[in-house]
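First comes one chain, alone, set out as structure tokens in the form predicted on its own.
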């Protein structure tokens, strides 16, 4: 059985870690490099850094931040935000990132997924899907969750796998920051349909929610932010609890 992963997420705005609820009301949560080093020592399996305003502000993810993180951590990390070309990906991987996450650019130009996976290998191409339930449909949102589209989430997940994505980062905007639990039904539906790993994001509030998303939600990895940033849950203790619940973890 494959080991399940715990993935702290650091949303970056103006070089600082921020956290909000349902993608709004952002509050400062600390220095991203310092937090990354702490999570690495606590036993996080991977890290995700998302420059959440990069696409909106038409600028690139900060390569210098990636270089600083690469010097401080010894676990894989993914970087996303404002990535729209092979040149962007090359710069970030060259700066030390292990994987890149694309969202808005992939929705705008789905062929970008094919290009990136062929150029760099699918193992380092993550497609982020920000999904919100509207009028009976799960719909993809872009630009840091600000822009709704008519693209249906489950169909898009299937398409990005077919185009060469190596992993999907599925965020439920409805659950994000609420601490009420992950979107297990949607996550399980997508996990059952796909052969590539699904990282569940949005809604973690206690240790039981992680157990639920790995069992009911069938996720391969679980991502969370505020509960780690504000020291509500220690990663090492969480992994021990999950192991006690019968979930295969790297301890």
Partner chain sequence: MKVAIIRYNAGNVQSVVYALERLGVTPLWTDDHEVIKNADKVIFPGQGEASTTMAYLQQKGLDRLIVNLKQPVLGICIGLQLMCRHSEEGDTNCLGIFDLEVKKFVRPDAKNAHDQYKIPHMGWNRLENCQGKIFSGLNNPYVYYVHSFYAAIGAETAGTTDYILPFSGVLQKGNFYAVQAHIEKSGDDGQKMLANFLEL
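If you're wondering where the values come from, they're calculated on a predicted model, not measured in any experiment. Positions refer to the first chain, counted from 1.
Just so it is clear, the following notes concern the form predicted together with its partner chain, a form of the same protein that is not shown.
Taking the partner from elsewhere, no residue among 205, 227 and 232 has a non-hydrogen atom within 4.5 angstroms of its partner chain in the predicted bound form. Screening 123, 137, 149, 178 for any heavy atom within 4.5 Å of its partner chain in the predicted bound form leaves a single hit, 123.
Though the partner is left out of this view, residue 35 does not reach within 4.5 Å of its partner chain in the predicted bound form, counting heavy atoms only. Among residues of the shown chain, residue 154 is not one whose heavy atoms approach its partner chain to within 4.5 Å in the predicted bound form. Within this chain, residue 167 lines the site of its partner chain in the predicted bound form, having a heavy atom no more than 4.5 Å away. Its partner chain in the predicted bound form is approached by residue 98, whose closest heavy atom lies within 4.5 angstroms of it.
The candidate stretches are 101-109, 169-177, 74-82, 139-147, and the one lying within 4.5 Å of its partner chain in the predicted bound form by heavy atoms is 74-82.
Residues 218, 220 are the members of 209-243 with a non-hydrogen atom no more than 4.5 angstroms from its partner chain in the predicted bound form.
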